[in-house]
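Heads up, the chain below is alone and in the form predicted on its own; it's given as structure tokens.
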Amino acid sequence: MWRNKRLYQVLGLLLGMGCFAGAAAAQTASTCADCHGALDAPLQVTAEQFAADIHAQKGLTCASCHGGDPSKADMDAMSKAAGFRGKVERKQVPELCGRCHSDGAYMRQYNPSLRTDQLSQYKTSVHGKRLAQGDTKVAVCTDCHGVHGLRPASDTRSKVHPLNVAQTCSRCHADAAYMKSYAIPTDQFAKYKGSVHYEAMTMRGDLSAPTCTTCHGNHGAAPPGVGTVQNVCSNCHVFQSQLYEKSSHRAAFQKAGLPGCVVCHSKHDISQPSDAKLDGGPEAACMQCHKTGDVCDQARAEILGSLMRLDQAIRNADQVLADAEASGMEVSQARLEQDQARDALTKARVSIHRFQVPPVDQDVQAGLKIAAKNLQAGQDALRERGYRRMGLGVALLSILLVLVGLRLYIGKIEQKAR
């Protein structure tokens, strides 16, 4: 009897657990996923796909954006009474996303560090202004972030991860047919891929290197004005900007309506700066504005000559020190000090943005002194090597003469013994 009672208790407990699990499943069931998982693209959204979305991971559901009641299996799930809004029109997307992302109190419970001014910034952007004018071709939130597979910007799979931003922007801006009505270039992405910034980002893994949003902004995207290009570049290139501010070129460029840094360095296809930009050829940066033989051209030639002298002095010292080191001579201190000479060359190249000879020459002279000192150290080491080799040669010759003398002496002793 006791055994039967115990069996009934266990069965009752299992039955209760089954009912509870069924009720829980009913509460979390989503008829949205049941139907849309079986549809074809672009309406298909699988449960696995949505589960990877940052919104789903934070507890939001289909109804959070589309409304409706995903717990119902009939047409009432998509009724107006349930707040169903279905497909969101492109022009409504920013406001829809802004309902949450502009609410600081709401967003704080998910990510307190996330900014909540994206919508207000978007309204100031080229995209937002044109959308307000009725142009639905411009980018909205979902074009850049995705729809049901959104990931944090820190995720390398995100469309707005630094490594992917340029590719995301190019989906529109590199499409000549799509951009035809806007009459703007569509070669920005192709040029950017050949730039020093792209190389730093993709080849050297420097995620702080500039990409589209670095210069144009993200939610408030807009092309920098002619007078503000320098401000954009100075976010990274601080010292160059400070020198440019004191130069005569700043006033001249402003008067002529020229966009500062871009005049010499271009925009999207910025190449690695080199001394060749100062040569007198037709492709040189200076010769775009200056004429051969004028005062500025003479200063250009003098600056270039100074840089070349220091560069050659560093190369000469490096070569002598390398020869000495390969010979086993101790020149580590001089090799280390060569970095100071290279730093002086870098400073001199930065000082070019002052567009005056004295600042450049000051850095060059400092570097020349260091390079000359290190060259002397290398030459001294090579001379010491020569002395040591000579001493070694004399010692070996002396030993050889002693050995020969001993051999002759031993031979005479042997003759007498016989």
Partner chain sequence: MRLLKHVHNWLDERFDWAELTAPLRKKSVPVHGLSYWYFLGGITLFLFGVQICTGILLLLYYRPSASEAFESVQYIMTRVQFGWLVRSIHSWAANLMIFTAFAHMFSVLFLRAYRKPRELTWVTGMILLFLAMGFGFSGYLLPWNTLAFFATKVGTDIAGQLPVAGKWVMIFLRGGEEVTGATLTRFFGFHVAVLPGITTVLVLVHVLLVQKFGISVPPGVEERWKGAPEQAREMKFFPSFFLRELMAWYIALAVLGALAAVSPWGLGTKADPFAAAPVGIKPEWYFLFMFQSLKLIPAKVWFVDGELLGILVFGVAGLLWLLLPFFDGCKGGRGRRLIMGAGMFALGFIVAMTIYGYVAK
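Remember, it's a predicted structure, so these values are computed and weren't measured experimentally. Numbering follows the first chain given and starts at 1.
Another form exists, predicted together with the partner chain; not displayed. Remarks below refer to it.
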Notebook entry, point to check: Just to confirm, Lys369 within 4.5 Å of the partner chain in the model of the complex by heavy atoms?
Noted result: no
Margin query: Within 4.5 Å, heavy atoms only: does Arg388 come near the partner chain in the model of the complex?
Written below: yes
Item checked: Touches the partner chain in the model of the complex: Asp380 (any heavy atom, 4.5 Å) -> no
Next item on the list: Would you please decide whether Ser327 lies within 4.5 angstroms of the partner chain in the model of the complex, comparing each non-hydrogen atom pair?
Entry: yes
Checklist line | Listed range touching the partner chain, judged in the model of the complex by heavy atoms within 4.5 Å, from 50-58, 36-44, 347-355, 380-388 | finding: 380-388
Note to self: With the distance limit set at 4.5 angstroms and only heavy atoms considered, check whether Val147, Ala174 and Ala176 all reach the partner chain in the model of the complex.
What the structure shows: no
Check: If we check the partner chain in the model of the complex, which of the residues in 199-228 reach within 4.5 angstroms of it by a non-hydrogen atom?
Finding: none
